[in-house]
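Coming up are structure 1 and structure 2: the same protein chain in two forms, each one given alone as structure tokens.
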Structure 1
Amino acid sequence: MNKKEILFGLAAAIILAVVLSPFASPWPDGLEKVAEDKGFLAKGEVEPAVSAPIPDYAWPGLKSEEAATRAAGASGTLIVFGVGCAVAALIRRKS
């Protein structure tokens, strides 16, 4: 991949995460729905083992729910891109 293609791919991901994320379906996902229907959802309502900095894809402190989701999406996409490249670069150096 050349620089232009990397930027294109990253831009596509950021656009998905920033532009479309507020329109994602708010309904529970498959596992949550099954947990709800089969009566074990409450088992998951425990204190999380670690407290995450941006819980539930909502940037803390932002009043607008939409803006909080967009900010979480943008930051998450960049973080994952960075970690993905870093892991790959480490593997590359070892080979």
Structure 2
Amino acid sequence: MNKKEILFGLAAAIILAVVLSPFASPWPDGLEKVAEDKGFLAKGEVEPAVSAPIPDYAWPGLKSEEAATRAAGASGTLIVFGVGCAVAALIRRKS
């Protein structure tokens, strides 16, 4: 893959994240739903070891929930891309 193809893929992923992120389900995921139904959801509510950078997609400074969700989707895509590039560079260096 050349850089042009990688950047095209990244741009497509960011566009998809920005466009589709507001349509994410507002309901709890399967594990959270089972924990709620079985009555042990509160037991999992402890202080996290590391605080989330964007908890519940509430982007600092953005009052619009939709805009905050879009910003979180775009930034998450960029973070995953960056981590993927770093891992690929480490693997390439070891080979």
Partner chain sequence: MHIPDGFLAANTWVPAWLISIGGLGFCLKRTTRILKDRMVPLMGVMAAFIFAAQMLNFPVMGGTSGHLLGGVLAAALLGPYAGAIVIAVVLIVQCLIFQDGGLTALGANIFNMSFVGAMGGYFIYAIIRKIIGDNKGIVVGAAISAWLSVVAASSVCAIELAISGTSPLKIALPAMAGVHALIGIGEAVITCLVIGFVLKVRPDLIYKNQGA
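For the two forms, the rigid core is made up of the largest set of C-alpha atoms that agree within 1.5 Å on superposition. Start at 1 and count along the sequence of structure 1; that gives the residue numbers used here. In this text, all values refer to a predicted model and were calculated from it rather than measured experimentally.
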| property | result |
| --- | --- |
| Matching structure (the form predicted on its own), either 1 or 2 | 2 |
| Core-aligned C-alpha movement of G84 between the two structures reaching 2 Å | no |
| Following rigid core superposition, Cα shift of G9 between the two structures in Å | 2.4 |
